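Just one chain is shown here, as structure tokens, and it is the form predicted alone.
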Amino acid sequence: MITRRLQYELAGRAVGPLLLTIERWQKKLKRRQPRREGPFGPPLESTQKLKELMSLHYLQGRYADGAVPVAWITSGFPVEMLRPFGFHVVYPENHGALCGARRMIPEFAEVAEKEGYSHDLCSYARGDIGSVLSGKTPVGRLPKPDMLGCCTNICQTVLYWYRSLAKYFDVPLVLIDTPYVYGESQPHHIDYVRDQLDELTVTASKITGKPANSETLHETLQLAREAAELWAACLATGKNRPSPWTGFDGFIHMAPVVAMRGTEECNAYYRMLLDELNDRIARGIGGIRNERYRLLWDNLPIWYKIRELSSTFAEAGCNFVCTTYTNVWADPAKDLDPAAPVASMARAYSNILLNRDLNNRMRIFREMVRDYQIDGVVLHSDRSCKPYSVGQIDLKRLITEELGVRTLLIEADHADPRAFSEEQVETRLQAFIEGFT
């Protein structure tokens, strides 16, 4: 136990930073060739820090089990409740996005499918289960969990997915069930979720052997709220013409607010990113070189096609200046209250985008189209994320008729390229882009 804890601390505080420093210097020595001009503006300098931050997070995680308590949780789980107990937190969805971007999901999904998991399941779930069963991962090693945390505010699939993981690892599964919100959250709904959060505290205390610490929870919630506010400020820079970055950049740079919110490292990163974005605004530097049309992306990204899609639109002068998905991680800022941590978390995590009705979705579209001066909306009908995709045909009609904005619906999968039709998507994209000229 002592040796393992020493390895964990050294990986995070000494060995990991040293290795990343050496790697950074090696890249600087190689980066003397002139950069070929393309449709994009200069790359964000913060990207290197992002890579280092997330690499260190995963590197330290290799030594977490046996050193500190480990929790695997869904992206919409109230992680702030776990930080005071010293958990090292793993997000299988975040890991799934990484696997998707590196085109490893088909290999992992096939392992899960051979074990009887349906091809119709979410590709994150199949990829994650396949990664666990095969023992393979692009991050070297994921630590064995001491508990699993699942919140139903994003979908019901996560419950069955995490049940499978809990059975495989033989560890407790903590469920936070959030009633679907029609209109506004009702007081009895918030009380119901708050009671579950109180039970989560008891369970976390039993697993770690540590008592609850209200002072540390208060500090953690302050950090989480600040992270959401900083991330919201970063996203809001896209309202400028030209936008200093792209919505596809946002998909990449959202990793810390998902996986590390509630930590000072997360907030320090977003302060740096925000400074860089504001500096680019002051100097008139855009995410793409010739921003003529401003677009909005709905739903998860197509991880294995981010670069290609971004290039296709950028070459036509089209920039995705905002996305509904990245905005999800900015929304909690208005609800989180360090003075009433549990009750405010119950409200914040109940009001997640996917846990609310289509009228709320349409309200968000109205605000984004107005505030970001949107010319067109691309809706990704995601085969794997059915809760996000349901209602998109109605939303497409309303956006066109009510807001007078051109729309495009494309069908794909956020992580599994086997569900992507190159010809069909390309034809629809070209027709959509040509409509602007």
Partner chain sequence: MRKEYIEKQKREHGRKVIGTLPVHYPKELFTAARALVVEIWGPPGTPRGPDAGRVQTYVCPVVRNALAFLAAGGADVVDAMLFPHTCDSIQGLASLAPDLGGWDKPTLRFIHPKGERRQSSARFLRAELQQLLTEITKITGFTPSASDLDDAIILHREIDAKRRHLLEHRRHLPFSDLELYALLRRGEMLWPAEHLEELRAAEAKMTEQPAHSEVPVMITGYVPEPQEIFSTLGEVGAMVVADDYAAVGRRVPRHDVAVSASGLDALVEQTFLQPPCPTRGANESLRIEYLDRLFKQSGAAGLIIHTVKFCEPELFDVPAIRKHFSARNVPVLSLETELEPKLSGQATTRLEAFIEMVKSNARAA
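Positions refer to the first chain, counted from 1. This structure is a prediction, so every number in the text was calculated from the model and none was measured.
Separately, the form predicted in complex with its partner chain exists; it is not shown, and the next lines address it.
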| item | value |
| --- | --- |
| 4.5 Å heavy atom contact with its partner chain in the predicted bound form for all of W329, I352 and T400 | no |
| The single option of L121, L309, L336, V258 touching its partner chain in the predicted bound form, heavy atom within 4.5 Å | L121 |
| Partner-contacting position among A233, I364, L175, V139 - heavy atom within 4.5 Å of its partner chain in the predicted bound form | L175 |
| Partner contact for H189 in the predicted bound form: its partner chain, 4.5 angstroms, heavy atom | yes |
| Contact flag, D394 vs its partner chain in the predicted bound form, heavy atom cut 4.5 Å | yes |
| Close approach of S164 to its partner chain in the predicted bound form, 4.5 Å, heavy atom | yes |
| Non-hydrogen atom contact Y180 with its partner chain in the predicted bound form at 4.5 angstroms | yes |
| Interface stretch in the predicted bound form with its partner chain - options 215-223, 70-78, 280-288, 148-156, non-hydrogen atom within 4.5 Å | 148-156 |
| In the predicted bound form, residues of 127-151 near its partner chain [heavy atom within 4.5 Å] | I129 |
